[in-house]
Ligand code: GDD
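Here we start with a single chain on its own, the form predicted on its own, put down as structure tokens.
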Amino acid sequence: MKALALIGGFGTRLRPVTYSVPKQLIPIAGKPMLYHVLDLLPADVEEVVLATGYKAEVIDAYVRAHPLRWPVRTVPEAEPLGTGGGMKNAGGGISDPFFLLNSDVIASADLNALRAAHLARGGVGTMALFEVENPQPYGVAALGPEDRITAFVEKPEPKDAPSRWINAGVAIWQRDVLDAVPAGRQVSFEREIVPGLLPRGVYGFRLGGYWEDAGTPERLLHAQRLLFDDHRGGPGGVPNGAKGPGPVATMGEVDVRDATFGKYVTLGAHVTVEPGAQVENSILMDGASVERNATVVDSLLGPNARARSGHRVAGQVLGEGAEA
């Protein structure tokens, strides 16, 4: 099997960081978000196809410089095509069936079990589902016998939601579903295509464990916490020269003399945290600095951003080169 990962969108809710870095390359728990998503794939996947849009060249350069355990091919789109259009654009030569992944979903899904369920049922697709309190922002499935999806409603009003089981952004589809996607225009696979596939047999696969859509600063940091708690964020502890409980994941050489770290921190390469500074529940991207006696908590500091001496940065997102 092959896998198709959808890497569209502009990451607007994570601006200003995403003005310079695509959302999928923001590091959480020691590696880019995209790499945590792809970690779910079984080892026997033959190829990963990345359907890229915004800053496609940045993503292509990164995956070439930081190889994954599978061969990777990027297929950019010239203009935004939506989920269905992106699938159609990048789907040439895809396997039958194929894995489909949203690139901003952090989950504990077992894709081997998902594949086995799909093959056993013989339908056209199997969608991983996760139960949430408020399904309004998501695609929501109504489930019949054997978890066959009988209706699928994208972003319903609360009174119209058929259940609390939402599209978890992980699925398996037969290759011929791409035939139903019109070429050359923007298409929402969830709104325009999935309802028409239901008569052919689309099934739900209920996830336990954890799941998060890491598209906002708060959800991004929550996803990082989930990964650390699941021991997917490195060995834990704190870097040499620092103190505190951690865990801290480092992505290169750092200078953290006499600094203090609370829980859930990622440090990019060449990060500096000066004596007396404190960092907790935050992400400091490559080249960021926290000056003497500054505090950074619940925040995302983009590349080369700076927390000034004695200042407190709390619940903020600083873009590349910004300071607070």
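Not measured: the values here are computed from a predicted model. The first residue of the shown sequence is 1; numbering continues from there.
As for the form predicted in complex with this ligand, it is not shown, yet the points below apply to it.
Participant: Each of G9, E190 and W211 having a non-hydrogen atom within 4.5 Å of this ligand in the predicted complex: is that the case here?
Facilitator: Every listed residue reaches this ligand in the predicted complex, so yes.
Participant: Taking heavy atoms and a 4.5 Å cut-off, does T250 contact this ligand in the predicted complex?
Facilitator: No, T250 sits far enough from this ligand in the predicted complex that none of its heavy atoms falls within 4.5 Å.
Participant: Within 4.5 Å, heavy atoms only: does E77 come near this ligand in the predicted complex?
Facilitator: Output for E77 is yes: heavy atoms within 4.5 Å of this ligand.
Participant: Taking heavy atoms and a 4.5 Å cut-off, does F228 contact this ligand in the predicted complex?
Facilitator: It does not: once this ligand is placed as it appears in the predicted complex, F228 has no heavy atom within 4.5 Å of it.
Participant: Check T83 for me: does it contact this ligand in the predicted complex (non-hydrogen atoms, 4.5 angstroms)?
Facilitator: Yes, T83 sits close enough to this ligand in the predicted complex that at least one of its heavy atoms falls within 4.5 Å.
Participant: Heavy atom within 4.5 Å of this ligand in the predicted complex: which of M285, A51, V290, V256?
Facilitator: Flagged contact: A51.
Participant: Looking at L178, V124, A117, V105, which is the one with a non-hydrogen atom within 4.5 Å of this ligand in the predicted complex?
Facilitator: Comparing distances to this ligand in the predicted complex, the residue within 4.5 Å is V105.
Participant: Thinking of this ligand in the predicted complex, which stretch from 146 to 154, 241 to 249, 201 to 209, 107 to 115 has heavy atoms inside 4.5 Å of it?
Facilitator: Only one stretch qualifies here: 146 to 154.
Participant: Do any residues of 11 to 29 have a non-hydrogen atom within 4.5 angstroms of this ligand in the predicted complex? If so, which ones, in sequence order?
Facilitator: R13, K23, Q24 sit within 4.5 Å of the partner.
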